[in-house]
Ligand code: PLP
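In the block that follows, a single chain appears as structure tokens, in the form predicted on its own.
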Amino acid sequence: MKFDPAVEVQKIMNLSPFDGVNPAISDSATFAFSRGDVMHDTFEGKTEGCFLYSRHWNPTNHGLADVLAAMEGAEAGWVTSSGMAAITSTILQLCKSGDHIVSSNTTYGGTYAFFKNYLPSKFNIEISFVNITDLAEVEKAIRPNTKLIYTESMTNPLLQISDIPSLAEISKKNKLKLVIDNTFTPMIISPLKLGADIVVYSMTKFINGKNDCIAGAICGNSEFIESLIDVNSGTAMLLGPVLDPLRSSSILKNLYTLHVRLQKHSQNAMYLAVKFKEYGVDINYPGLKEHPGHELMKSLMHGQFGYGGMIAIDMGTTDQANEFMVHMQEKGVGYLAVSLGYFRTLFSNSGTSTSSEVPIEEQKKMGLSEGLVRFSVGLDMDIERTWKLIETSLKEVGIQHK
């Protein structure tokens, strides 16, 4: 039977041993043991079903992690206090001083800064940034000390589509790990089913969907997750980026509507993408046939969820982008704000916000226009009305229908 992430979430939800219809919240930092030897064995990782300390495991966090693992088709998962905590914990668990990473050059600004500035200076870990859509360039960048290839399923903010099966083949041939950030495309793409080794998320975004908390997740095989939380050597255990169980419970409830929300995000994004195209604006959306990664994404995705809620347009200059976004906010299109996956539309000028960590010369090199406006399209019921407001905003900044 074909893997369906939404169905897998529903299956495990039905098996969850909760007294109520919503997940119970275990509001405890520490847990009691019946005997001293059981506590000792738990410290040694020799027990099952025992909880030691919430920096390690908490029943509520465990419930969320299990559902996420089911959604990804993973053996196990772990939840963190932010998306960056998921990324940094994963990388620091896999790499040591003297290692090398091959990364997409178009990636979230915080990830780029961690790779470009933090890892080389603090840990002597080198990074090669490549055009992830050029498989020959990816292979050429691999060195004897390379440990992993890192990319996003749909890159931020240029919306490139990573060829995960081909990257997995390259990784396995060179005995590397393939780490995928799937924040833009949960359920839409299942990286582990396509050959990736580890998937990371900012759950702040589409998974939670309400922009009321910061959270992250890591999914992979049991061996890797257990290594992350080992009391003696686990990066996540020792650095302590634990998610609060109250937030974990809230995210789990929101996760059960993710499949429905994604369908509406995608439907609205496709509508706006077509309208921008018809208007004559330079539009970037993988759902459009002219997008370079359109056919690739079709081959990777679970089609029932659409092409996602992220679109980008080019306004030419930063000034014009800023003026346009102010007009849209004043008219109620959404908010001039960073982040994504919210039920309202969010828009920002990537080069001066979420990609501002990337030097200007590198932005130009990768094709990031100074006027790029990234939209996270919301759950608007009347998307036709939303377009009319956007169209008026375009005219007010001097952009007429072509």
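Because the structure is predicted, anything quoted here is derived from the model rather than measured. Heads up: residue numbers just count along the shown sequence, starting at 1.
Keep in mind that the form predicted together with ligand PLP is not shown, yet the notes after this line are about it.
The candidate spot formed by N61, V79 and F206 lies out of contact with ligand PLP in the predicted bound form, as no residue has a heavy atom within 4.5 Å of it.
With the partner omitted from this view, the residue of S190, T90, S202, N105 that lies near ligand PLP in the predicted bound form is S202 [heavy atom within 4.5 Å]. Scanning L340, V358, A69, V373 against ligand PLP in the predicted bound form with a 4.5 Å heavy atom cut-off leaves one residue, L340. The partner is not drawn, yet in the predicted bound form one stretch among 82-90, 299-307, 229-237, 126-134 has residues with heavy atoms inside 4.5 Å of ligand PLP: 82-90. Taking non-hydrogen atoms only, I214 approaches ligand PLP to within 4.5 angstroms in the predicted bound form. Contact check for N156: a non-hydrogen atom falls within 4.5 Å of ligand PLP in the predicted bound form.
Residue contact with ligand PLP in the predicted bound form: Q160 places no heavy atom within 4.5 Å of it. Although the partner is absent here, T183 lies within 4.5 Å of ligand PLP in the predicted bound form, judged by heavy atoms.
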